[in-house]
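Next up: just one chain, as structure tokens, the form predicted alone.
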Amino acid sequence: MTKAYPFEPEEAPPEYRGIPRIDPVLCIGCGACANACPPNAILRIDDPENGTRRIVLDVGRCIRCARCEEVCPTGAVRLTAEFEAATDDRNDHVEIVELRLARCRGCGKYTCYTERQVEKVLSLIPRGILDFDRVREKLPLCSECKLKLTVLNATKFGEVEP
């Protein structure tokens, strides 16, 4: 049977691994997808001067292994059924999600976490089991401030208030 393709769209089989897409609303910018991507089709690029993190997906480098989809904690990365990647413009193969880095509560510098990562972690903390306000107070700290706080708390260990 002769098909009308490419004049009419052709559907891919249901198990087909097509072009990945990142949902910018669901992405928290954790970079798990970038860490799991064998051909480095997904990159996590931090700009601490401007307080931004960019998740950059280059579909032209993707081998459709679906590791990004497997490791994404929010379901933001999904392989589609799209298989046509031909284009005249190389920029059509690049998808960028830009997120704000969280500021350290101690010194005000940008941390290595995005604001959405902090929100996600706070949403996962079960109320009533942990001191939520104390965790929220400490969560967005840069590594230097975490170290200072750890040392400060270690020196207070065992002290009894009069």
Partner chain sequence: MIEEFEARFGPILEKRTLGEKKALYTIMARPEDFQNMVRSLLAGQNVRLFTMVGTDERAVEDAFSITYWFADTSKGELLGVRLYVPEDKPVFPSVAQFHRGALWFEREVQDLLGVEAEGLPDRRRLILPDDWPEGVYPLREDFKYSESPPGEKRYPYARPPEGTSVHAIGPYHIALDEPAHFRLFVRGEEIVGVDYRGFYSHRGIEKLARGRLNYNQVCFIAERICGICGFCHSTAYAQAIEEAAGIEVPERAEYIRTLLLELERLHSHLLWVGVAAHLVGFDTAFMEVWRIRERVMWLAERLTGNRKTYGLVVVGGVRRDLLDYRRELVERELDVMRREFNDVVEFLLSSGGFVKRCEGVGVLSKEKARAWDACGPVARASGVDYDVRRDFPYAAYRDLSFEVPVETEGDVLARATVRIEEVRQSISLIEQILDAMPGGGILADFGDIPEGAEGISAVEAPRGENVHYILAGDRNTIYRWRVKAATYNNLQTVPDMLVGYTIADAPLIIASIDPCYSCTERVQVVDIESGKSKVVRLGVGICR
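Residue numbers count along the first chain shown, from 1. Since this is a predicted model, take the numbers as computed values, not measurements.
The form predicted together with the partner chain is left out here; the points below concern that form.
Residue 38 belongs to the set of residues with a heavy atom inside 4.5 Å of the partner chain in the model of the complex. Though the partner is left out of this view, residue 14 does reach within 4.5 Å of the partner chain in the model of the complex, counting heavy atoms only. Mapping the unseen interface onto this chain, residue 109 falls outside it, with no heavy atom inside 4.5 Å of the partner chain in the model of the complex. With a 4.5 Å cutoff on heavy atoms, residue 66 counts as touching the partner chain in the model of the complex. You can rule out all but one of 97-105, 57-65, 22-30, 113-121: in the model of the complex, only 57-65 has residues with a heavy atom within 4.5 Å of the partner chain.
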